[in-house]
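Next up: just one chain, as structure tokens, the form predicted on its own.
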Amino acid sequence: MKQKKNKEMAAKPSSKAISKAEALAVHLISGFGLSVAFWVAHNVHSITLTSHPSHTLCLIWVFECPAVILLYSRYRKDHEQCSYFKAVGRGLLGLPAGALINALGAIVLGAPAGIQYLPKTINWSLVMSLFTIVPAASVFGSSWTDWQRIFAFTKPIEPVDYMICLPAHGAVIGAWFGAFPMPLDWERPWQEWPICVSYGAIVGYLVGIVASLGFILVRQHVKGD
């Protein structure tokens, strides 16, 4: 009886179904949040990620946070049992938790840990949390099985899985590649922490968005055939 119940739960969709148009809209709005943040930084505050990394990163996560949490909470796991506001709360809790994980990971991998770097590290970690942890927190909550499937085994199944998995992996891989110029003695201002890492993460995140849309289109086309 227990095995039958487990099979039924496994066969049940993990979150609200999402169409190709919805997936495109979610990613476009997420990308629009990034664009607005950079526009405000450049045109309102006259700063860039290179000249004022901490302030610019702060603007990015402030504009991106409501878009990511409010959008992904619509596709929460166990849609009938978990309310929208509960999913929003999970996303809000996931923001500082994910920032802590990203900050510790960056420091372990060699990011500077001095007090003078603390604001930059905090704001960078919050941006990375929005790229990686927050969407999963809003959708999956405490479902450890889904977290393992997406982040440990990289096995997305449904469209929303691709929307979470590929941009998150893209952001992490992009940040990792972005860190390569930091130790080189080129003495360029953009080599300072966390400028090039941030650019790499943003580019990787956007590439992941495009890839996830591609996988969703192919998957739904194959299912349609």
Partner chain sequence: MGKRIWIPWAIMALQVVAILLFTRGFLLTRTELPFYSNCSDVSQSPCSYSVPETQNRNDTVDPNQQRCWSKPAVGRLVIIVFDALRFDFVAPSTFFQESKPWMDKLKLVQDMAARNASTARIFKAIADPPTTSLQRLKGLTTGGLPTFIDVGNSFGAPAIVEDNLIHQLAKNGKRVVMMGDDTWTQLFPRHFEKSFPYPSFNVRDLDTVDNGCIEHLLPFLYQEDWDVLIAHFLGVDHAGHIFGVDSMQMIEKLEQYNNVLLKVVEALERQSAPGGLHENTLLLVMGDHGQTVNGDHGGGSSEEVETSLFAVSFKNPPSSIPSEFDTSSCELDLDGRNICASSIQQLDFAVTISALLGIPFPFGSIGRVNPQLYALGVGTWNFEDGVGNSQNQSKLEQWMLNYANVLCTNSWQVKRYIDIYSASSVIGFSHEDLLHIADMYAKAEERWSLTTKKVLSHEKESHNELLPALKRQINLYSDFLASVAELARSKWTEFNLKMMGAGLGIMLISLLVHFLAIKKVKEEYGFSFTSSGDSGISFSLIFSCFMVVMRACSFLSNSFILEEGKVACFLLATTGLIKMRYSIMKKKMILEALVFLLLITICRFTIEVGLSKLAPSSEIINAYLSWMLRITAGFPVWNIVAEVIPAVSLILLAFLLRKAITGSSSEGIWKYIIMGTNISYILIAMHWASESNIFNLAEVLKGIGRNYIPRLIYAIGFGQLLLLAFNQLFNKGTSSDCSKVLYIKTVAMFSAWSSTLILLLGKQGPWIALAFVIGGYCIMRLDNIELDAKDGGSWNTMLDPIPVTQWSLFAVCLFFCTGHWCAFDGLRYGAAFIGFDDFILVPQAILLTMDTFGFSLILPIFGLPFLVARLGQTEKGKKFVLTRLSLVYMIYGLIMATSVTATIICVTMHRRHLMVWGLFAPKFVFDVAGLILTDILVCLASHYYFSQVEDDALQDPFTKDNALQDLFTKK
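Positions refer to the first chain, counted from 1. None of the values given here were measured: they were computed from a predicted structure.
Not pictured, yet referred to below: the form predicted together with the partner chain.
**Student:** Looking at A99, A87, A111, A136, which has any heavy atom no more than 4.5 Å from the partner chain in the predicted complex?
**Tutor:** Only one listed residue qualifies here, and that residue is A111.
**Student:** At 4.5 angstroms, heavy atoms only, are I195, Y199 and F215 all close to the partner chain in the predicted complex?
**Tutor:** None of them does, since no heavy atom lies within 4.5 Å of the partner.
**Student:** Please tell me whether any heavy atom belonging to S83 falls inside 4.5 Å of a heavy atom of the partner chain, as the geometry stands in the predicted complex.
**Tutor:** Residue-level check for S83: no, no contact with the partner chain.
**Student:** Consider A179 of the chain shown here, and say whether it contacts the partner chain in the predicted complex, taking contact as heavy atoms within 4.5 Å.
**Tutor:** Yes, A179 lies within 4.5 Å of the partner chain in the predicted complex.
**Student:** So in the predicted complex, does Q148 come within 4.5 Å of the partner chain, heavy atom to heavy atom?
**Tutor:** Heavy-atom contact with the partner chain at 4.5 Å: present for Q148.
**Student:** May I ask you to check whether L93 falls inside a 4.5 Å heavy atom distance of the partner chain in the predicted complex?
**Tutor:** Answer no; every heavy atom of L93 is more than 4.5 Å from the partner chain in the predicted complex.
**Student:** For the chain shown here without its partner, which stretch in 27-35, 61-69, 181-189, 43-51 has non-hydrogen atoms within 4.5 angstroms of the partner chain in the predicted complex?
**Tutor:** Answer to the contact question: 181-189.
**Student:** At a 4.5 angstroms cut-off on non-hydrogen atoms, which residues of 143-158 are near the partner chain in the predicted complex? List them in order.
**Tutor:** Residues within 4.5 Å: W144, Q148, F151, A152, F153, T154.
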